[in-house]
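In the form predicted alone, a lone chain appears below as structure tokens.
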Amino acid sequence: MDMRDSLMLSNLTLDNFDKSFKGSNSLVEERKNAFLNLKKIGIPNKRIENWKYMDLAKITKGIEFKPRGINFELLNKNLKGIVVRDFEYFIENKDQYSKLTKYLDNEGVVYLNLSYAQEASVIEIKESQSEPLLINISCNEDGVSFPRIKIDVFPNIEAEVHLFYDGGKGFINQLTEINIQKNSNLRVQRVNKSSAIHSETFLSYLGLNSNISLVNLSMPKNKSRFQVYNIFLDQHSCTDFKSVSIPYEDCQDDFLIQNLHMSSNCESNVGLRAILNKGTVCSFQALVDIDLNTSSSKAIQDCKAILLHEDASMNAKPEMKIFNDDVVCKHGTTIGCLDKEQLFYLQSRGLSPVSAEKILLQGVIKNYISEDSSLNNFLPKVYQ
């Protein structure tokens, strides 16, 4: 690849790929296979159903294809029972490099990362933790970044992970995999304040009697995409994913969450609370997919959005693919303005319009982020 030229994401070719990896001998065959799929599928656009609310091909078209490094910082990596490895892990375990394509074989951003990723952080949690693992991720250079995170939670573990995304430039295309082995529970807190165009594909693999719960506070300063795939590999596993979305003015926050119930006696809960102001767009697509041969599945999808400005919009698309009768599933979506009667009541008790609005919005947020949660410290002052 002639680095004097600007190679755009929309102009990726196999020749450019070969030249960009000339002299590199790490995972060459895996990268070539990924790139062939990338060429066939392309960068996601609105013609793809799962990306109908965000045209990634369009919004990244003007970004120069210059692969950049990522700043990955595990603040307490010396905790007992924690092993941290880098990209060398995938070179030594090639079967793990493309494992996620077994479940995501038609996702362009996945193949884009697999084609070009050079950095990774692999965290093994071998003992239960009394304090959360704190991870900061950022990229402060223009161009494109391809971070890869893999967290392996060993059997019979209790642990918590906090992920922080702050600042950034260009386009960040991230893959995150969480493998939770039997009888383990993982709690995740995620804060997104990225100013880059940020796309994260998040997969969790759940073993027997395993659980993952995630509370996500998303306040993007650009266009953000968080797509989650929970894979129920064995019975009696549970996921609970809750997001609060408060995009900055004229920014976009896009969510897709799919729960693939491949085993019996599993439960998935998905919820979004969005507060949308001038020029903001939020989208929520949620799918529960319950296999024919499973039983006793439970699933809940819930979306509520408050529009604070006439130039704010919310898209909601709940879906359920259910192939048997032994299920308990429900979903609900509410989109609208703050309740005028509630505002009037609070003002009649002596509160100013601003204070009345603040109380109602705090009530929306506190459904997911309680006052004693560490996420409360990251909320805008007006909502604390």
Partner chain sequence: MNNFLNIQSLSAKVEDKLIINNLNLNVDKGEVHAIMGPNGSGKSTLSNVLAGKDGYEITSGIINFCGEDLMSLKPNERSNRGIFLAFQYPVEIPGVTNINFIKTALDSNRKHRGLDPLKPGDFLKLIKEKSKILGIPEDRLKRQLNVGFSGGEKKRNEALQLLMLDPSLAILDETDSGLDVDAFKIVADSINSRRNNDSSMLIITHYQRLLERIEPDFVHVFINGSIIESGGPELASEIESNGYERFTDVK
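Predicted model only: the values in this text are computed from it and were never measured. Residue numbers count along the first chain shown, from 1.
Heads up, the form predicted together with its partner chain isn't pictured, but that's what we're talking about next.
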At the 4.5 Å heavy atom threshold, is residue 350 in contact with its partner chain in the predicted complex?
-> yes
Contact test in the predicted complex: residue 315 vs its partner chain, heavy atoms, 4.5 Å = no
Would residue 341 count as a contact of its partner chain in the predicted complex, using a 4.5 angstroms cut-off between non-hydrogen atoms?
-> yes
Answer yes if any heavy atom of residue 367 is within 4.5 Å of a heavy atom of its partner chain in the predicted complex; otherwise answer no.
-> yes
Students should find that, of 41, 329, 337, 359, the residue having a non-hydrogen atom no more than 4.5 angstroms from its partner chain in the predicted complex is 359
The one option of 63, 346, 48, 70 with any heavy atom within 4.5 Å of its partner chain in the predicted complex is 346
Choose one stretch from 29-37, 317-325, 350-358, 55-63: the one whose residues place a heavy atom within 4.5 angstroms of its partner chain in the predicted complex.
-> 350-358
